[in-house]
Structure formats: structure tokens, C-alpha cells
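Single chain ahead, written as C-alpha cells, the form predicted on its own.
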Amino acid sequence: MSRYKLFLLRHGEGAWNKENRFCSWVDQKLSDDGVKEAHDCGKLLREQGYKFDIVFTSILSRSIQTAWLVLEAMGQEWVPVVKSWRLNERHYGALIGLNRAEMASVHGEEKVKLWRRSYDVTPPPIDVDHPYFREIYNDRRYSTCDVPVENLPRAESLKEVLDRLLPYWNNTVVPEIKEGRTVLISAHGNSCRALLKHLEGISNEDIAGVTLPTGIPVLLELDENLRSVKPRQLLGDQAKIQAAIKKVEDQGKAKPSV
């Protein structure tokens, strides 16, 4: 029996989503299309009558900006927004900044798919000579985390994302849901996929086939043990959602030769 509702949202399109680059922990704002996606998401949720009591985001701007725009479109700007690095996107290590399609041309689509979508494959770690190393680890936001900067990830598999996310889920988010509050988590493709794997009991193999497009709210209905009791619902125009899913899946394909 359904007892609780939970909403997951992959942030609106970011600048590097548009450029098909591994963004990960590099801080990017939303693109113009991403701003529209977030606004349209909030408008849809308002029209369907949903009301949030608390919102959780990562500490990356595209996640926070999406939450703000959604709440503004819903007329619910007053709702508290709580931020944690544990909801950050997966750390793609040495792949950060690289173009997915170009990587597929060099390494093959299957290898890129393993890096992007598999459960327990970790990409090569970022090192101090990487062009974005200092931009990430010298950012003041990471001095606010509940672990020292030197203990933050240098690369992650999806399994490692789930490992760092679950303590926050269990200790911070779950109590709010069990108090009867309606929760929105505005996060990232992989932090949302990791949580979906946990809540829906998705196998290590099948999680590779789960794709979340940007700016599309996902409704989960949970039982008293906070396990999903119905298939997840991607809210909105289903034809547009399927087209958006295909767009995400095609990001890891090599560009055809001219």
C-alpha cells in the first residue's frame, strides 16, 4: 500500500549538458533551455496540485538553481531548501571536461557506456595536474562538507555514489518523509539513479538501462518501509519524455564520420 510520495528531479540542462561533456563536480549554471525546463517543471507540478514541504539539493549550482526555479513557478518560494554534497553528481574523475561522443570515437561506445552507466566500474581518478582539479577542490563549498576535503572522492562508480548518499538519505531525508512531509530531491542524473536503485530494488545489471532526462519530475510512491510500491512515474508529455530519454542515451554514441 502506498503511504508516502517522493519526487526526484534531475536538474535542468546545464551548459556542459548542451556541449555533451562530462560535467560532474565542475560547477555550471543552467543553460537557457535548462532554465525553461525547470520553470516548465514547476508549472506542471503546480497545475497538478502538488505542494512541497522541504527540498533537498546538492551543493552544485545547477541543482540549486533548478530547485529555486521550480519553487518560484509553483509559488512556493518559502519552502526550505537544504543542501548537501552527498547529493552531488557522480565524480567522473579524469573524464571530467571530456566530450562523450569524442570519447566514444576513441575508446568505443561500449567502454563509454561502462563508464557512464554501469554500477561498479570506476573511471580513472582525477589528479592534481587535471585542468579542473584546483577549481573543484579549492572551492570554498567543499570546506563545509561533513568530511575533510582530502577525503572527498577523486572518482566514483555508481555504487560509490550510493554508498555516500545512503547515510544522508537515512539520517536526514527519511525522517522528513516519515513525518508526513512531501519531499522534492533536486539533484543529478546519477545521484537520482543511485537512489532509484535503492528504492526500487533495481539489479546491478538493470540499472545501466535506467535513463533520467533533465527537468522531468519523477514521482515515487513508497510503502511504510520506504520501498517503491508502484512503477516510477515520469510526469509530463510522454512523447516528449521518450524523445528526451533517447537524447540522453545518444550522448555516449560516436559521431558518424563525415
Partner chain sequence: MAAYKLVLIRHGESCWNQENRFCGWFDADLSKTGEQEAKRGGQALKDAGYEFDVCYTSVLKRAIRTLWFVLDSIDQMWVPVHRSWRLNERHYGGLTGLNKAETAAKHGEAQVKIWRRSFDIPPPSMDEEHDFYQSISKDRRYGDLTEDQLPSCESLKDTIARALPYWNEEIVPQIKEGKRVLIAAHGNSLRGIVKHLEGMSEEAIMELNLPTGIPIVYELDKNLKPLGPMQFLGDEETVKKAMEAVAAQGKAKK
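Positions refer to the first chain, counted from 1. None of these values were measured; they are calculated from a predicted model.
What follows is about the form predicted in complex with its partner chain, which we do not show.
Enquirer: Is it the case that Lys36, Gly97 and Glu135 all touch its partner chain in the model of the complex, with a non-hydrogen atom of each within 4.5 angstroms?
Expert: The answer is no; none of Lys36, Gly97 and Glu135 reaches its partner chain.
Enquirer: Quick one: find which of 58-66, 185-193, 37-45, 212-220 has residues within 4.5 Å of its partner chain in the model of the complex by heavy atom distance.
Expert: In short, 58-66.
Enquirer: Just to confirm, Val174 within 4.5 Å of its partner chain in the model of the complex by heavy atoms?
Expert: Val174: no contact with its partner chain in the model of the complex.
Enquirer: Might Lys83 be said to contact its partner chain in the model of the complex, defining contact as any heavy atom within 4.5 Å?
Expert: Lys83 belongs to the contact set for its partner chain.
Enquirer: Though only this chain appears here, would Pro167 touch its partner chain in the model of the complex if you measure heavy atom gaps against 4.5 Å?
Expert: Looking in the model of the complex, residue contacts with its partner chain do not include Pro167, since no heavy atom lies within 4.5 Å.
Enquirer: I'd like to know whether Gly180 contacts its partner chain in the model of the complex, with contact meaning heavy atoms within 4.5 angstroms.
Expert: No - in the model of the complex, heavy atoms of Gly180 and its partner chain never come within 4.5 Å of each other.
Enquirer: For the heavy atom contacts within 4.5 Å of its partner chain in the model of the complex, list the residues of 139-160 involved, in sequence order.
Expert: Contacting residues: Asp139, Arg140, Arg141, Thr144.
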